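In the form predicted alone, a lone chain appears below as structure tokens.
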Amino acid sequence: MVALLREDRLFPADEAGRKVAAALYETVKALPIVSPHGHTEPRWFAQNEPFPDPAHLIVVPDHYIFRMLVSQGVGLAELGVPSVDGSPVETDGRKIWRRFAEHYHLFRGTPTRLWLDHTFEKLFGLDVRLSAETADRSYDHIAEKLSRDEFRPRALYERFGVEVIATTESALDDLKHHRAIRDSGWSGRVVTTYRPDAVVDPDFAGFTDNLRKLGEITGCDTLGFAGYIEAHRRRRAFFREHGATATDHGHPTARTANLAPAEAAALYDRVKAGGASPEDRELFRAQMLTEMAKLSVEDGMVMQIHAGSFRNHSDGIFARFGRDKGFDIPQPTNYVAALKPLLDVAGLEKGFTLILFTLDETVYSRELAPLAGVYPCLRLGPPWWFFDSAEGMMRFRQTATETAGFYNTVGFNDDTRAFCSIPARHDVARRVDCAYLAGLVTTGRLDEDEAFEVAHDLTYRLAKEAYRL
């Protein structure tokens, strides 16, 4: 068998550093995977049905793959990405796979290529690089594997060494798949995460109707602000009953606000009616981040903010294919001034944890590390999205550690819809962290015995503790 991956990948080039990194990695490579934030489908684990085919498992759900192909002129419809407007898309998995294979060279040097080669070799046992010439052979090989019981979702969860995985559901979700998992008797731990964007973001499609639905399912009067907040309180409790330990908030900015009760109620009345100004809509999102922090102080749920994405940049793609189709683009994000109202309210509250993510690397050393290095509630989430790569992970450690240390970070989470990439992503993070620690050891900034302890913490303990798992 020809290896697609080098065993010493991502380790330092110098012999001394490579030796230390390899020794560290040996102690953490097989630790259980704690996946505290992501977007895998709970339906997979509830129904435990075979995945349909290689294309619909690997290509169709992964924006890392199809956005690269789109950039080279391959349409989403050609790749089988479902449309929301009813327009036809390719449904033949083999044809989709062939298009993917023909363009595999586009991923050279990208983290996606590393994740895919890891999946192909370690999970499916492929020993030939994917290409137009090997497309059918690889498709048939993977399809045959997927027909086996040991490649069903629950079996893969166990094979990957997952200890716990968190999915992310809308505040309006009935969580029926999580109930089915719980009632099935399966030992795997799949928990949900409360994502209220649909009912806190006035720019979210169907916002007014969503407020009505929120009132119906909670029995609260969402015509008024007090009833609306109570509805969130009840939904959060419902999510906790289904294993949730965290909330997640995907906002264009990290802006927060702390309006007087009467002002907040009046603002709610304006956005609820529709037609509110852009400033009012942004102010409402800002106020709701602070309201969510207050609720987290009450109920102990960990709060996450994923800020700084210009969502759905292409109007045409959004109209035809909907959200999360690779056209969410990073933009500059302020945290110091933006978070101050929220931190004035909850920043020193015992038991409150706020995990910050960014798509703007320029703020690591200037804003995020200094904030997390002093506020007891703040923790830094790992590099997210465009920066969840070997280079991005290393830059994160280099720019954040000297001010925030290791213990104001939360380890790694994969934040993915691509189920088979989970072990690959965690492996990359473990290798990069070991390489960074090796550099500290070989340059005399960290004792070797401490490096082994930190490697374990970054791989396993910090994520469990930060997310209360």
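One-based numbering along the sequence shown. Just so it is clear, the structure is predicted and the values come from calculations on it, not from any experiment.
Only in words, not in the display: the form predicted in complex with another copy of the chain, which the text now covers.
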| query | finding |
| --- | --- |
| Ala205, Gly215 and Ala346 all contacting another copy of the chain in the predicted complex, non-hydrogen atom within 4.5 Å | no |
| Partner contact for Thr27 in the predicted complex: another copy of the chain, 4.5 angstroms, heavy atom | no |
| Non-hydrogen atom contact Phe406 with another copy of the chain in the predicted complex at 4.5 angstroms | yes |
| In the predicted complex, Pro278 touching another copy of the chain (heavy atom, 4.5 Å) | no |
| Heavy atom of Leu289 within 4.5 Å of another copy of the chain in the predicted complex | no |
| Options 190-198, 216-224, 163-171, 325-333; stretch whose heavy atom lies within 4.5 Å of another copy of the chain in the predicted complex | 325-333 |
| Interface residue in the predicted complex among Phe124, Phe387, Trp186, Phe151, criterion: non-hydrogen atom within 4.5 angstroms of another copy of the chain | Phe387 |
| Residues within stretch 278-314 having a non-hydrogen atom within 4.5 Å of another copy of the chain in the predicted complex | Phe310, His313, Ser314 |
